[in-house]
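In the block that follows, a single chain appears as structure tokens, in the form predicted alone.
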Amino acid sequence: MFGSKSCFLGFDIGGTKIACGLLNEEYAVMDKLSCAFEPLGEGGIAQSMLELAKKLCSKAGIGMESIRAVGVCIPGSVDTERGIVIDAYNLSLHDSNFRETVEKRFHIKTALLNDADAAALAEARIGALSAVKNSMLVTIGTGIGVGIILGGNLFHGGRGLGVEAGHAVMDIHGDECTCGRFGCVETLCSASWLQSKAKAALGQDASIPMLVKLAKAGDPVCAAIWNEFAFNLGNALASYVNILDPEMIALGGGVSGVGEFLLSSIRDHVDKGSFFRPQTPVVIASLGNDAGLAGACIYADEQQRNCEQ
């Protein structure tokens, strides 16, 4: 049982689903629920969040008065200081005062940040990046999310608008990206790229796990697709290394579940593309799907503590 004001509510909002978690003082997820939703404006999203939170608190046997703070992470560009969602295209939110809307629903202090930043902060505080001060988390999902930690702190960008390294251009003559440009990192290194190649090679029922299994077994078509993906991703990571010289890079997202097979496939490409020696360590993130929830709560807690000082 949680004590008074001893836990956090974390939300990870996707394009079609909201995940809600109750986290303890060590930012471990004690219980969670998720629900599908239609993004019907900031008020509709906030109401869906409140209803989900009430169900979770009832399930856990606690009252909302036990919640110390609410942390929310969202896919899109966020002005964390003002609590504004600048653009979240999947949610149809643009210049939205989303934090204020959530606070009015919950009557609890709320923090808002980008989902890739939230995951990076969690890995830096309690996960795979906790041993270093300067690092990157690269999340390989539908797109490519990148969170950067500098000097032990989350880097929000020079103007506080975040980092969109997944939209650095690798091939100006490449495929069109969701952002409207061509050949962005995420058009060549994302799970979406792998999925489309798997379907083209193996049929509409093909999946990334199926492609990986066949690539490991030596199937020439699947091995060629995987090697192309590894080449692209390794070179993208090498470019990130050359810009920031991080002490460590962690890989998250669904594709990272491949583990050592992924790391061994990209290692030489990162090494050959990097200007620096020794090679920057690349590891698998450790917090899985809970990273966003944990990071959102960590950020909310740290912001609240800073205000109290």
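One rule holds for the numbers: they count along the sequence shown, beginning at 1. Every value quoted in this text rests on a predicted model; they were computed, and no experiment measured them.
Form predicted in complex with a further copy of the same chain: not shown, discussed below.
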query: Among A198, C222 and G252, does every residue place a heavy atom within 4.5 Å of a further copy of the same chain in the model of the complex?
result: no
query: Is L202 close enough to touch a further copy of the same chain in the model of the complex, meaning at least one heavy atom pair within 4.5 Å?
result: no
task: Determine whether any heavy atom of A131 comes within 4.5 Å of a heavy atom of a further copy of the same chain in the model of the complex, and answer yes or no.
output: no
- request: Answer yes if any heavy atom of S66 is within 4.5 Å of a heavy atom of a further copy of the same chain in the model of the complex; otherwise answer no.
  value: no
message: Please determine whether I208 contacts a further copy of the same chain in the model of the complex, using a 4.5 Å cut-off between heavy atoms.
response: no
- line: Heavy atom within 4.5 Å of a further copy of the same chain in the model of the complex, from candidates V163, I126, V212, I108, belongs to V163
query: Which pick from V258, V29, L244, L56 sits with a heavy atom within 4.5 Å of a further copy of the same chain in the model of the complex?
result: L244
- line: Of the candidate stretches 137 to 145, 100 to 108, 174 to 182, 213 to 221, the one with residues having heavy atoms within 4.5 Å of a further copy of the same chain in the model of the complex is 174 to 182
query: For 216 to 245: residues with a non-hydrogen atom within 4.5 angstroms of a further copy of the same chain in the model of the complex?
result: F231, N232, N235, S239, Y240, N242, I243, L244, D245
